[in-house]
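One protein chain, two forms: both are listed below as structure tokens, the first as structure 1 and the second as structure 2.
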Structure 1
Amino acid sequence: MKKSKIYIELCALVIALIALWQAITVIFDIPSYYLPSPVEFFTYFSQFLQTGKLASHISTTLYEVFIGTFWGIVVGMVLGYFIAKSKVLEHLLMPLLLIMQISPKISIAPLFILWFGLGLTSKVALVILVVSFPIMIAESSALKKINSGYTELMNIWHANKWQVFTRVELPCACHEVISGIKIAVTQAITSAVIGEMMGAKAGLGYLLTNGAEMYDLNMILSSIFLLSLLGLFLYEICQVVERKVLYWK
């Protein structure tokens, strides 16, 4: 009941914003090339969908995000585990990883395009770079906070490192890792779009750049609209996974 109420309130808010948008374009007589009305935008959007061209751009961005996020999670968890277990690795790797994260992704993207080309590889590599960091930080922080009594008990039972990881460390770190994944998913979309805007043959970021070059505001708004929906969709997937995995919360 509570969730349905939230959805009703969200729908009401969206409808109110669309009505306000329509009113602004009519009252102030704003030209469509400056700000199209909702009617003009959704007419363009539906026609664009019917051409079938939009589906290929959506699938390209989704592929980059899903593949990059998957390998970003793997890399982040591996790095997070070893950094939590080794002070030497933490002191060696953390400054380098921090520098790579602090650097604007728009400045790193051209390097990846030069190294990996205009295809999917450069965008996936950029997504992996962005996704792995919050997961690494979340896991290493969670592993350091585990009560040493748990691991000592496992040692008494002569458990190997894999058993300690799967029976104690992973369950204890699971909540923070999933929280890191929820942050990483939104950043994955941003990094994939940045890579596409810097150089690509397809994708929603490519559409954004193409729309800007042709002064096609409807194309730009269509890309933004789809990226917002994509972000909400992926975040909701993370929410569902979190409820299934952390069923006791």
Structure 2
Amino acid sequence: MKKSKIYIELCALVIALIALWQAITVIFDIPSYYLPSPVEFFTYFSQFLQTGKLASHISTTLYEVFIGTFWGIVVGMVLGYFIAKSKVLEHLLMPLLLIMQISPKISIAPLFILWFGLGLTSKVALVILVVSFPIMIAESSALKKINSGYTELMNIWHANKWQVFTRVELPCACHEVISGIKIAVTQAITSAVIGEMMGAKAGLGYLLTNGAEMYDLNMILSSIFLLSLLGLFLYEICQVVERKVLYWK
């Protein structure tokens, strides 16, 4: 199936859906606080974009997501490493980690807002929390599974801990860790948004609650539109990184 054909079909589908949307709002004479027509929405959106206010909301959420994801990955990998290496830590932390992993970590959001305030910090902390867990668990489980043959070789060559990590452990753990990262990243945006919905002064999630309070569906839709784009963008980045790093699979 040619790629260009798929794109054409996709564009046609999107256009058809937008046309359907327009038709529905017109035929059923739907009030714009309930569902604005596409025309109305895009006019609003471009105006909003031009005022520059939208840009600051976008950058707030982007900051939270990217900084949070970055540090989440770092924390996840560091802790994952230590958990794999220390039996004590593993027995102590693993049960808690697994409980936290399966529970809705978002529940902590109100606490973070209480502790870190309405600003960016609480959301970044939330994203770090959400992102670090899958990575921590993926890495510690991957490290433990590494073929002992590799580690024995390393021993024979008197490699130090850092060398063992970078040359054997990291590459072998890569596959599982990257899967963990993909899972974590998809949740990063959701976490940032939820954090903003629960208490914030800016950001795309904040726009959602603001729009809800004022029954301004245009504002809500703008936020949803941008968040979806962000989600798509992050997903594509992950795909590209995965392909580049795991070229040998």
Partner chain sequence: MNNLKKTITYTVISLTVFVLVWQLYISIFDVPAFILPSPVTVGKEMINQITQVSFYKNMLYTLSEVLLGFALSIVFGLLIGYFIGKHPHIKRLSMPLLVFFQVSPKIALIPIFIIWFGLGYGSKLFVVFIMSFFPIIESILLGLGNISKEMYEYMKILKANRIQILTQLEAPCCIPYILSSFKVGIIQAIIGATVAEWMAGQLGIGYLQSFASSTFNSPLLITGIAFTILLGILLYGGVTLLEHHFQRYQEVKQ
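Throughout, rigid core stands for the largest set of C-alpha atoms superposing within 1.5 Å between the two forms. For numbering, take structure 1's sequence and count from 1. Predicted model, so just to flag it, every value in this text is computed and none were measured.
Just verifying the output here: the form predicted in complex with its partner chain should be either structure 1 or structure 2. Which one is it? The form predicted in complex with its partner chain is shown as structure 2.
Look at Ser37 and decide if its Cα position differs by 2 Å or more between the two structures after superposing on the rigid core. The answer is yes; the displacement is at least 2 Å.
For a quick test of reading the superposition: does Val240 move by 2 Å or more at the CA between the two structures, rigid core aligned? No, shifts by less than 2 Å.
Quick check: Leu129 between the two structures - does its CA shift reach 2 Å or more after fitting the rigid core? Leu129 C-alpha, core-superposed: shift of less than 2 Å.
Leu97: CA movement between the two structures [superposed on rigid core, Å]: Its alpha carbon moves by 2.9 Å.
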